[in-house]
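Okay, so here's just one chain, in structure tokens, the form predicted on its own.
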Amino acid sequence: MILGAALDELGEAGYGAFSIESVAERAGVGKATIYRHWRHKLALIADAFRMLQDEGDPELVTGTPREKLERVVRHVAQVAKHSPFSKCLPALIDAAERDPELRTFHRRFQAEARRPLIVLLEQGIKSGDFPRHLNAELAAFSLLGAIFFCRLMTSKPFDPDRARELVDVVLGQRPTG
């Protein structure tokens, strides 16, 4: 309830205008309740983002490495298109340019969020499902970059239904079979 209210506040007010008082009002709790659990607004925002990250990861137990990769790309595109995270992203990026502590959090959060994708790509390269010449980190940047570029720099978010096409372009291959 409080974490959801924090995301709503960040998405609507931005980081600069974000306040514990406004979050408390949205959540229907006293600000002392929030301060008991979070010392400052960045700690609250960090937990809210971690909650989002933990909630909706796609299933990666079954399927080929390529199917898993397409599932991840589709999921990220859906999150970037419609989610509390998507609404907060511009405010977070903007504020990170001016606030070193927020910048450090944002970079660490993004690196942690990107790591499973890199591992998945590395596993696909090792198993021979993906091209041996592929650089897993650059491929992850390419996949995510296309999605977030569309979200932040164009009028139309990346269509999750184009996940397979994006994977084809980045991997430089068409699936076999």
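Numbers follow the displayed sequence, beginning with 1. Predicted model only: the values in this text are computed from it and were never measured.
The form predicted in complex with another copy of the chain is left out here; the points below concern that form.
In the predicted complex, another copy of the chain sits within 4.5 Å of a heavy atom of residue 12. Looking at residue 166, you'd find a heavy atom of it within 4.5 angstroms of another copy of the chain in the predicted complex. Under a 4.5 angstroms non-hydrogen atom cutoff, another copy of the chain in the predicted complex lacks residue 99 among its neighbouring residues.
Proximity of residue 52 to another copy of the chain in the predicted complex falls outside the 4.5 Å heavy atom cutoff. Within 4.5 Å of another copy of the chain in the predicted complex, a heavy atom is found for not a single one of 68, 80 and 125. You can rule out all but one of 58-66, 137-145, 23-31, 42-50: in the predicted complex, only 137-145 has residues with a heavy atom within 4.5 Å of another copy of the chain. Although another copy of the chain is not shown here, in the predicted complex the stretch 90-114 places heavy atoms of 90, 91, 93, 94, 97, 98, 106, 107, 110, 114 within 4.5 Å of it, in sequence order.
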